[in-house]
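We begin with a single chain expressed as structure tokens, specifically the form predicted on its own.
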């Protein structure tokens, strides 16, 4: 059994519920125990563009709580991951902000020593669990399924351990499940999720480009990172793109842990699949064989 302190972030309790369900289910299969970080709060993302000190202080408070546990801090949301790592870097390298953050945390009797280790789930799957172990858990091989893996901005940029511009870890996981990874050039392009309410037209254009790129390269489904913002943006807005562009997209959007769960023979309800908005069953039905 491998243990981590788990920072779910705000969205995993709302729009990210399907992803959270699949993370919990897949973690059990892979002997990963997630101990939720006690008393965690918002990481401060995306508030850094408005008030950098506030954003860093919020993130550092969570880092300090994780530091106390002595465990690696596992973060599923790509935005939270980037903000928490960014706060750690600023705290250790920028003396001016560090002094102000330390002063703010002292008011609530919290001290950060700078030793927390923030990690994302792809890092743990690849480097702590291993592709061989993942493959050994497969009950329903996803043979013939052409999976396009979408990474978005922040899983690998600027701090992620996977390749910055050409990440591959999700493709490797899909292959270990028996699926066929599909290359498409826009797999690490921003989906615009953080700007959906203020720049809706721009976001719809970004989504159109990504989905069109997947279709043109033969992807049958899009497996997203565990970022609830990317997942929801791609899953919920295809109808709006259709009405604006006159283009018909019915691309199944599946979190990578949901895809893993299907291959592991877990029940659709355990994986939150019934809460996906896009038509996931049309590609997953042949593989949904629940293990005894």
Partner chain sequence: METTIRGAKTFVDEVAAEPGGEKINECIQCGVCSGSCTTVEWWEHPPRKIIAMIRAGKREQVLSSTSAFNCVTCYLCTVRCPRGIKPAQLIHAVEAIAEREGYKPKTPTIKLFRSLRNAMRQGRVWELGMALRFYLTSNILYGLKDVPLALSLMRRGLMPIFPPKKVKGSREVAAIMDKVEAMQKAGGAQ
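Positions refer to the first chain, counted from 1. All values reported here derive from a predicted model rather than from experimental measurement.
FYI, the form predicted together with the partner chain isn't displayed, but the following is about it.
A.B. asks: Heavy atom within 4.5 Å of the partner chain in the predicted bound form: which of 58, 251, 66, 26 fits that? Just give me the one.
C.D. replies: None of the other options qualify; the answer is 58.
A.B. asks: Can you tell me whether residue 96 touches the partner chain? I mean in the predicted bound form, with a 4.5 angstroms heavy atom cut-off.
C.D. replies: Flag for residue 96 set to yes.
A.B. asks: Looking at the partner-bound form in the predicted bound form, is residue 192 within 4.5 Å of the partner chain by any heavy atom?
C.D. replies: Residue 192: contacts the partner chain in the predicted bound form.
A.B. asks: Taking the shortest heavy atom distance, is residue 136 within 4.5 Å of the partner chain in the predicted bound form?
C.D. replies: No, residue 136 is distant from the partner.
A.B. asks: Residue-level question: is residue 30 within 4.5 Å of the partner chain in the predicted bound form, judged on heavy atoms?
C.D. replies: Residue-level check for residue 30: no, no contact with the partner chain.
A.B. asks: Can you confirm whether 35, 131 and 267, the three residues that make up this candidate site, all sit within 4.5 Å of the partner chain in the predicted bound form, judged by heavy atoms?
C.D. replies: Result no, not one residue of the spot touches the partner chain.
A.B. asks: Counting only heavy atoms and a 4.5 Å cutoff, which of 172 to 180, 138 to 146, 111 to 119, 206 to 214 contacts the partner chain in the predicted bound form?
C.D. replies: Contact criterion met by 206 to 214 only.
A.B. asks: Go through 1 to 38 residue by residue and record those having a heavy atom within 4.5 Å of the partner chain in the predicted bound form; state none if no residue qualifies.
C.D. replies: Contacting residues: 10, 11, 13, 14, 15, 17, 18.
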